[in-house]
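Just one chain follows, in the form predicted on its own, and it is written as structure tokens.
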Amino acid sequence: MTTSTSSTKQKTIAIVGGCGHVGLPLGMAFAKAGYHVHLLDINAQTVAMVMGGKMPFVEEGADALLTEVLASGSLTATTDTSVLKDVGIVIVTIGTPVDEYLDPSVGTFDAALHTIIGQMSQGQLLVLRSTVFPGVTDRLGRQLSSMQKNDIDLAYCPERIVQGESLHELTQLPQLIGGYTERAGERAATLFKSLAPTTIFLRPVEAELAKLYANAWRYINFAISNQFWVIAQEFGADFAKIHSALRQDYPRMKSFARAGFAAGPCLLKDTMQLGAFDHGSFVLGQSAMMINEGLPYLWVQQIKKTYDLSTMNVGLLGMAFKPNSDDVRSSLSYKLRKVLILESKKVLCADPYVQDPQLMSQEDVLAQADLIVIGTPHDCYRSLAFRQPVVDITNTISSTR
């Protein structure tokens, strides 16, 4: 009887930060895989939305799955932290903040974790899925021992999903497993084998670095393309044509990214976390930040060479940080708007995915703007007919002129 009860408990999960971009798709995936999942979140409004069957953000395939797992009773959302003590597995997906110097706020994350651990009981599995500063998992393991909670198994299993495609990629990508102990690693691997095709074992610090490396790699790749775009502008060359020519039938250049905004909540933050871990010696990452974060200003300077912005109403289409998404976290389109406000007669902004009272309708922007700038190349813009000139650094809009 005891064994059966224990086995049942191991099929129950509480996800802290469960209604967020990482936690909610993960919770739905585990619910579909046969676990009973509690989504724990401090935002009561979002919890109510999820329990009402409505996704709080755009995620491919999520609307139908949310309805399915709510109807089956395998998924619930709550603000009640008492669920932490009654489950076999606790997964932490809360964001890891950085301070004004772009260094990780370890104290803030520590405080949140200690609150969580205070509600946990012996024998549970604690999985950190948030991006953390290298060494945090081992440090937390030592703290668990000093708190006489060393029977809580601890593992770091980083999230590596492209936002918006989580449900698909969770079942397609290998899962990195960094167990603080061998037993913790095995328990975490058993958990994620219900989703992932492969599990790969690393030491916790190696798994932590792997997560940071992945995002820093992408961020630096974008910076390289953006720097090349700037050089092409200086020579009056068409970067898009160069990019296309280099990639055509030439496999070694397939990873050559298009120029454009490199934003979102992770790429810059994780690159800077890696720099802080390396005691400020990650010069390549710091240079990438200067290039990518400076791109809105450089782009406007290029536009000014052709157009007298001071006499023009400029329409900015696309405010999300990536195409076909409603997520505006760290979007450089908002920085571009600030620069354009200083240079233009008026700036008009729209995005069909983003709910923001400061935005106008797309129809009004197209009717009033003298010049269109594409901030985020949503697919829906490809079919638009523009009466005014269009500036699009990514060259993805067919009517760019």
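A quick note: this is a predicted structure, and the numbers were derived from the prediction, not measured. The numbering used is simple: start at 1 and walk along the sequence shown.
This next part talks about the form predicted together with a small molecule, which is not shown.
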* Using 4.5 Å between non-hydrogen atoms, is residue 377 touching the small molecule in the predicted complex? -> no
* Asked: Any of the heavy atoms of residue 42 lying within 4.5 Å of the small molecule in the predicted complex?
  -> yes
* the small molecule contact at residue 13 in the predicted complex, heavy atom, 4.5 Å -> no
* Even though the small molecule is not shown here, does residue 75 get within 4.5 Å of it in the predicted complex, heavy atoms only? -> no
* Structure fact -> The one option of 175, 330, 163, 124 with any heavy atom within 4.5 Å of the small molecule in the predicted complex is 163
* Proximity to the small molecule in the predicted complex, single hit among 225, 96, 325, 233 (heavy atom within 4.5 Å) -> 96
* To do: Pick the stretch from 245 to 253, 153 to 161, 139 to 147, 301 to 309 whose residues have a heavy atom within 4.5 Å of the small molecule in the predicted complex.
  => 153 to 161
* Asked: Looking at the small molecule in the predicted complex, is some heavy atom of each of 112, 130 and 211 within 4.5 Å of it?
  -> yes
